[in-house]
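First comes one chain, alone, set out as structure tokens in the form predicted alone.
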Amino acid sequence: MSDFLYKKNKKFYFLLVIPALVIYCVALVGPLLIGTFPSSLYNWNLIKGNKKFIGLENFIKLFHDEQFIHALLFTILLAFVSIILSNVVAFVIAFALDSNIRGKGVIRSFFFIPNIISGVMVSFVWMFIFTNAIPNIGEKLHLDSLAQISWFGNTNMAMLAVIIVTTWQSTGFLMMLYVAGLQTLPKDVIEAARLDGCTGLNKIFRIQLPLLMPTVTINLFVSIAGAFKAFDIPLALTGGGPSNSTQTLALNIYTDAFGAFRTGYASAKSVVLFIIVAIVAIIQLSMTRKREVQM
């Protein structure tokens, strides 16, 4: 969008944003400021009805909570690996589907399907793959190491299973955004680069990726938000086990809030999660926007 058009229609664009901004404030900012932040300063058990002001004691207690620290570290690991893997795989698939191949519409739909079904259903599908399909393939190929993998009884393998399923579910949506981004790239610039001998990986890394940075910015933002709030897949796939090794921060908060009914303590954890996601998102946005190319 040119600066002239933006300045001319600035008020109109702002009016378009107002309804979404109002809904966002009512549904998220309001409950966060009025409910979650104040609740984190109380020792509050929802069932017993006890509510006593204790200041920052809940936040201090978090530093000594081994289960919270482990959930935080696993969430960071899950986010780091799944964000990189899902974006790389999504870009590769989008790049392949951007060329003139037959049935690319159907192929796009297949990759997008996991995104429109719930994480619980996706987890059940992969539970079948891990416990039946992969062992059967291992037996057919006489590979005992593959047939006898304990996906949910071993800590490392359970973590790997959660990472694989999380990456698989998020790839389709990111792929669609990359496809849309690739189709908006100016053809004259791509053709001029080709005539100058810039082809193959050089064309991708020197021409297409820099032009695609606005899409990369959006995809990374969506990936970060999704990875840090991972809840349904770990819950349905492993239940946070074995020994709480695959318990994410969101699942840990849920266990405290609706399992032990420690509402104040769970609110403090929610505030910490919000701050972490906000910091990571701000750093990511500032880094990727600097690399965006204005046409």
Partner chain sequence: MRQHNKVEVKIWVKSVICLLLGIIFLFPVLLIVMNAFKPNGDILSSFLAFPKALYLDNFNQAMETMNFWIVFKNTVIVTVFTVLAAGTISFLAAYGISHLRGSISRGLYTLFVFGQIIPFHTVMISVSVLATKLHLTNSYLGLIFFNSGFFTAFGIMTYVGFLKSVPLELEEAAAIDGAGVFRTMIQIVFPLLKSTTVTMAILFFLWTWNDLLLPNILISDGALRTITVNLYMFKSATNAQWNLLIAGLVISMLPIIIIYIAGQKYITDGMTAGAIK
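Basically, rigid core = biggest C-alpha set you can superpose within 1.5 Å across the two forms. Residue numbers count along the first chain shown, from 1. From a predicted model like this one, the values you see are computed outputs, not experimental measurements.
Unshown form predicted in complex with the partner chain; subsequent notes refer to it.
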Contact flag, Y254 vs the partner chain in the predicted bound form, heavy atom cut 4.5 Å: yes
Non-hydrogen atom contact T171 with the partner chain in the predicted bound form at 4.5 angstroms: yes
4.5 Å heavy atom contact, G241 to the partner chain in the predicted bound form: no
Proximity of S270 to the partner chain in the predicted bound form, heavy atoms at 4.5 Å: yes
Which of 121 to 129, 194 to 202, 142 to 150, 70 to 78 lines the interface with the partner chain in the predicted bound form (heavy atom within 4.5 Å): 121 to 129
Position in contact with the partner chain when the complex is considered in the predicted bound form, options I137, I190, L160, M213, heavy atoms within 4.5 Å: I137
Residues from 34 to 58 in contact with the partner chain (non-hydrogen atom within 4.5 Å) in the predicted bound form: G35, T36, L46
Threshold 2 Å Cα movement between the shown form and the other one for K51, core superposed: yes
Shift of I60 between the shown form and the other one at or above 2 Å (CA, core fit): no
Large Cα move at L32 between the shown form and the other one, threshold 2 Å, rigid core: yes
